[in-house]
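A single chain comes next, written as structure tokens; it is the form predicted on its own.
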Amino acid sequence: MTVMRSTLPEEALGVTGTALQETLVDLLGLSLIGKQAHWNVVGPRFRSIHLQLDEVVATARAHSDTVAERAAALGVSPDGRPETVAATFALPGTKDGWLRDTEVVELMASALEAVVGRLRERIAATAEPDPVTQDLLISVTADLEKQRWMFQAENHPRETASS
């Protein structure tokens, strides 16, 4: 059943719809990783990382809504069902149980790096077929790169007194 008709030609819609759906799954998965780590982080930097994880989750959830709504506006039904996310999600996940603060920082930096890498591919892929979607993906990428930078800075080696 076609409810919404796209303003894009069919071929452009295929590329754009795929990029948006894959981004939606990445963002939903990232928010789940962030929440799982948020609930299970332990260590001396618990509070700062706990709060930082909430920022990542809020960012991912806000962007997932924008991405899904862009897909819907183009006539592509967004699929954020749990079974879809579980079947197609490809980010590194958390282990079971409590997570050391240093592990969480590494996990989040790695997950964010993976999402950003795939987003950059989608930015390139959508340049010609839909610059509007490309612009949206650029904005998502900028926000996630900022979060990655913040996590990377958390585990930067501390200088010693003799340095």
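The first residue of the sequence shown is number 1, and the count goes up from there. All of these numbers come straight from a predicted model, not from anything done at the bench.
The same protein also exists as the form predicted in complex with another copy of the chain; that form is not shown, yet it is the one meant from here on.
Participant: Using a 4.5 Å heavy atom cut-off, state whether M150 contacts another copy of the chain in the predicted bound form.
Facilitator: Judged by the heavy-atom cut-off of 4.5 Å, M150 is in contact with another copy of the chain in the predicted bound form.
Participant: Taking heavy atoms only, is A90 within 4.5 angstroms of another copy of the chain in the predicted bound form?
Facilitator: Judged by the heavy-atom cut-off of 4.5 Å, A90 is well away from another copy of the chain in the predicted bound form.
Participant: At 4.5 Å between heavy atoms, is V56 in contact with another copy of the chain in the predicted bound form?
Facilitator: Although another copy of the chain is absent here, V56 would stay clear of it in the predicted bound form, with no heavy atoms inside 4.5 Å.
Participant: Would you check, heavy atoms only and a 4.5 Å threshold, whether I33 touches another copy of the chain in the predicted bound form?
Facilitator: I33 belongs to the contact set for another copy of the chain.
Participant: With the partner left out here, which residues of 38-62 have a non-hydrogen atom within 4.5 Å of another copy of the chain in the predicted bound form?
Facilitator: Going through 38-62 in order - heavy atoms within 4.5 Å of another copy of the chain in the predicted bound form - the hits are H38, W39, N40, V41, V42, G43, P44, R45, F46, R47, S48, H50, L51, Q52, E55, R61.
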